[in-house]
Every structure is written in C-alpha cells, then in structure tokens.
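Quick heads-up: it's one chain on its own, the form predicted on its own, in structure tokens.
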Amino acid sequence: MGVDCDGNFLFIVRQLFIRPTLMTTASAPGKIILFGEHAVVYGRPALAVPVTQVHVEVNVSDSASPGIWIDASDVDLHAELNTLPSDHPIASVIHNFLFLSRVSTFPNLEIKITSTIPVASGLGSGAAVTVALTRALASHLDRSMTDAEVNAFAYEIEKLHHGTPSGIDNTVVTYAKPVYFVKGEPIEVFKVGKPFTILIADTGIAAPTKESVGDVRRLWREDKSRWETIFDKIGEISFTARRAIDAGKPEFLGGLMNENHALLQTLTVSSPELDRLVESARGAGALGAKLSGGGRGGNIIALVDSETAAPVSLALRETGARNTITTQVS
C-alpha cells in the first residue's frame, strides 16, 4: 500500500510540474476590397469584407527538437527560424512577436501553416498569415492580445513588406467583419441592409502590392493636383456605396463598380488580363465589375445574383480566370 501511495504521489507531482505537449490553433479569413483601393492610402474611405471561403490556419506546438521549426508546405517552406533571412515574411512575424513579448529564451516550437488563400492575389494572404500566426503564438505562449493589439501589430508587419499600406487588409482580416475604413480614423464595422453576392475571379497573375502602391505614389508626387482629384472621385464612390449597402440597395453597387474600375485604369493599376475579365463579367450579366486590390494582376470582383452567378462564373473561366469564388456579403 505504501509503495502504491508513494507511486501515485510521485505521479501527481510529475503531472503538476511537467508541462504536457500542447498545440494551439488559430485561423484568419481572406478579404476582398469592394471599393477604394489605392485612394485609401491617401486618406479616402474604402470598403472591404472578409472572404470566409478561404483562410489561413496556424498550429503551434511544443517541440522536442531545439529551435523554432516552420512548416508551410503551400509555399514549399520547411526550415528552422534562424536559417531564414530576418526580412522573410513569416520569420519577421515571429522575430518581432518574440521581441515585443520580451521573450528572453526562445522556446522550442513547431509551427505548421496551411492556407487556401492564393498568394499575391489581392485576397489578403499575407495579412491572414500574420494575424493567424500572431494569435497562435500569443495563445501558446500565454501572451494575451486584444483584437486592437493584433491589428496594430499586423499593420506594422504590413509596413515592413508593402512600404505604405493602407491598413485595410490587416483590419478586415483581424476583425473578420465588413469594414468602412479611413486611414487614421476609428474602425467602422458597417451594416449590410440586404445581403448581396460577389463573384471573385483570379487572373492567376501575382499582384505585388508594394510595386503598384509605389508606382501610384510616384505619379502622385509628379502631379499631386491631378491625382488628388482622382482620389476624391474614388472616395465619393466608396461613400455612396456605403450608403447603398446600409440602405439595403446593393443593386446600385454595379454602376459604382464600373466607375471605380475606370478610375483605377486611369491610375495605371489595371492590366489587359484584368480588363478582359471585367468585360467578360459584364457581358455575361453581372451588374458591375472592377479590379480589386493592388491591381496589375490578382482579382476582379463582379456583382451577381442567383440567376447570373453561374453564367458569369463560366464566362470568366472561359476568358482565362484561374479560379472563381462566390461569397455572400451579409
């Protein structure tokens, strides 16, 4: 009996002081900009919504091997943290998180990242990785973070990789709600008076945001008066779209999309591939269509209904879209 009691006692002590292997999971959705891209960098409003049909998932677990091991098979990455350059998108999140969390001794971790969000397509894949990874690390290492803190941290990471981002990607992905966003102002989650359907079509061409944002900034510096006028027009479209959505009149969004696309063409951020998809969507019955995101590739969005969603999707694929996603905004 004494041996059994002693054995049980020792077992209980070990359970109290030896931490079991834990795994923490966090996820974040994709996002799509409805109106206001590029102009939002210059203080005009933009509207964006989460796309829950695609997402990033991050699993963080204790590791028996020394170091922090990262497995992101979607981008063919399997490496220990310290073998990656410090400006690597994933490495920069981990380094900055550990630094700001004042972690003196790096833990031994295994981090697995999986994603169904196409990279460099305007669906917020970078921001989603940052948000999901930050939340998983914070939870696993017992560092409590509010949504506002996660959002602020993700914005700083966005700045490292995109130069002068608007902040809209990290905001929509963090809060996973439709957002009316003005840089430097409080976040507004807007109401959807009547659900509506957006069809997203991917050109299959990578769209590096930093490049298109930089090109627009160069144009703006050369002739600020001209481009401020364009930004004003885009901002007015975003404001009008917000009112239409609030009022439950999404049918008005089609014409606004067409206007917004024409202004983005003037900003030189469209491309022949994007323009072909936009025209194809309109020709197949969409109420309106425009590029979404940084441009030069990535996605277009089209306003459709239950009758036009299928034929528009088919037309877009026949025109060269690599993939289409139908999402309801509600």
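Everything numeric in this text was worked out from a predicted model, so none of it was measured. Note that residue numbering begins at 1 and tracks the sequence as displayed.
As for the form predicted together with ligand MEV, it is not shown, yet the points below apply to it.
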Touches ligand MEV in the predicted bound form: residue 203 (any heavy atom, 4.5 Å): no
Distance check, residue 260 to ligand MEV in the predicted bound form, heavy atom within 4.5 Å: no
Contact label in the predicted bound form: residue 41 to ligand MEV, heavy atom within 4.5 Å: yes
Heavy atom of residue 168 within 4.5 Å of ligand MEV in the predicted bound form: yes
Candidate stretches 65 to 73, 22 to 30, 270 to 278, 287 to 295 - the one whose heavy atoms come within 4.5 Å of ligand MEV in the predicted bound form: 287 to 295
Residue (of 145, 109, 213, 98) lying close to ligand MEV in the predicted bound form, criterion heavy atoms within 4.5 Å: 213
Selected contact from 134, 209, 238, 115, since only one has a non-hydrogen atom within 4.5 angstroms of ligand MEV in the predicted bound form: 209
